[in-house]
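One chain comes next, on its own, written as structure tokens: the form predicted alone.
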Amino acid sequence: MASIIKTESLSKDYGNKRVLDSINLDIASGLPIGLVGPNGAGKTTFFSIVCGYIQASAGSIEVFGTRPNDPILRGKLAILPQDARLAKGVSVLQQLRTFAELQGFSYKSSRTEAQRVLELVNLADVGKQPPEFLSHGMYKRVAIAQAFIGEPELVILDEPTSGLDPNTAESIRALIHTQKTERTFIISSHNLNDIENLCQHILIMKQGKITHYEEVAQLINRTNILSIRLEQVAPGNIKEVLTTIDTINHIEISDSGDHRITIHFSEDDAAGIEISILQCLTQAGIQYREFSRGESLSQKVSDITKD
């Protein structure tokens, strides 16, 4: 597949502080990619350079084979900034029309396009309202709508479901699912369930560097690991209870407050291990809330990015 973003030793400095540090990437078009990392890792700076808002201090970057601010990219690249702002006192429809005209739509066709993207986010009836009269969730959906104007080949979404109620967040996930075969998404989110459910590949940033770029399934290793989230804090005898199962090699108890334990077991016991563990937990009176094969993405990313 053709590269959509290619960097070589890409770096960005603010004074004496290096925010991006020699990033080498070759991102091809395809299924959604998750970009994750702690606050201050450099994610927003990377997006800003990709979109041509700021320039790198060193190294090079190509977006669709050209420089980020090349006019040829107009309409091919769209972004939802994390803190997107809309103008007060101007109707939502008019603002979306303006964005459409900036992408080359005629005055007449811009109205049709603005209405189309409002329908995508289930806000067809709010076009005449100024954004300050909208709820937070509606405001966020309007901001998302502008990222779907035209036919962008690359859509960057920075925290697309942040602050949304569960039903609205699910509708945004469904929208991304329906669109992912038509365009490439790069999604940044602290909600790693979104990344795990939406993205095939993951980029992990820490202190301005890319530490991992691989398939989500490979990162969380779905072969000989089980992740269990308990209803309460793991009792002190949890390891004693579970190590009665001979094929368990190692047990990790999360200290992040999510009541999660991770169990490593012999691969040749993949068929029976889950039943054995459930029987042990039941006999010990230990209740669980979630049971899944593989490490949780949240725990894996936390392990990678913690100091």
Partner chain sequence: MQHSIRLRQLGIIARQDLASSLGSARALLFLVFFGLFWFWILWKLSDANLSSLSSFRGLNFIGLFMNPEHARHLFLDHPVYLSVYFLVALTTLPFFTMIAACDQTASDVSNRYIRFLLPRINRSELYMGRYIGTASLVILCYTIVTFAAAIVSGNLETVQNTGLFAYTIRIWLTLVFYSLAFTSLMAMVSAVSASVAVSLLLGIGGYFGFLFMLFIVRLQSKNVSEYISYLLPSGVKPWLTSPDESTIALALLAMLAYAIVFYLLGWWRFIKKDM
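Numbering follows the first chain given and starts at 1. Keep in mind that this is a model prediction, so the values were computed, not measured.
As for the form predicted in complex with the partner chain, it is not shown, yet the points below apply to it.
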item	value
Within 4.5 Å of the partner chain in the predicted complex, all of Q207, F291 and S296 (non-hydrogen atom)	no
Contact label in the predicted complex: N191 to the partner chain, heavy atom within 4.5 Å	no
L102 within 4.5 Å of the partner chain in the predicted complex, heavy atoms	yes
Contact flag, R74 vs the partner chain in the predicted complex, heavy atom cut 4.5 Å	yes
4.5 Å heavy atom contact, A87 and the partner chain in the predicted complex	yes
Heavy atom within 4.5 Å of the partner chain in the predicted complex - residue from Q179, Q200, Q115, S106	S106
Candidate from S60, T282, T244, S48 lying within 4.5 Å of the partner chain in the predicted complex - any heavy atom	S48
Options 258-266, 274-282, 40-48, 236-244; stretch whose heavy atom lies within 4.5 Å of the partner chain in the predicted complex	40-48
Partner contacts in the predicted complex for 49-69 (non-hydrogen atom within 4.5 angstroms of the partner chain)	G52, Y53, I54, Q55, R67, P68, N69
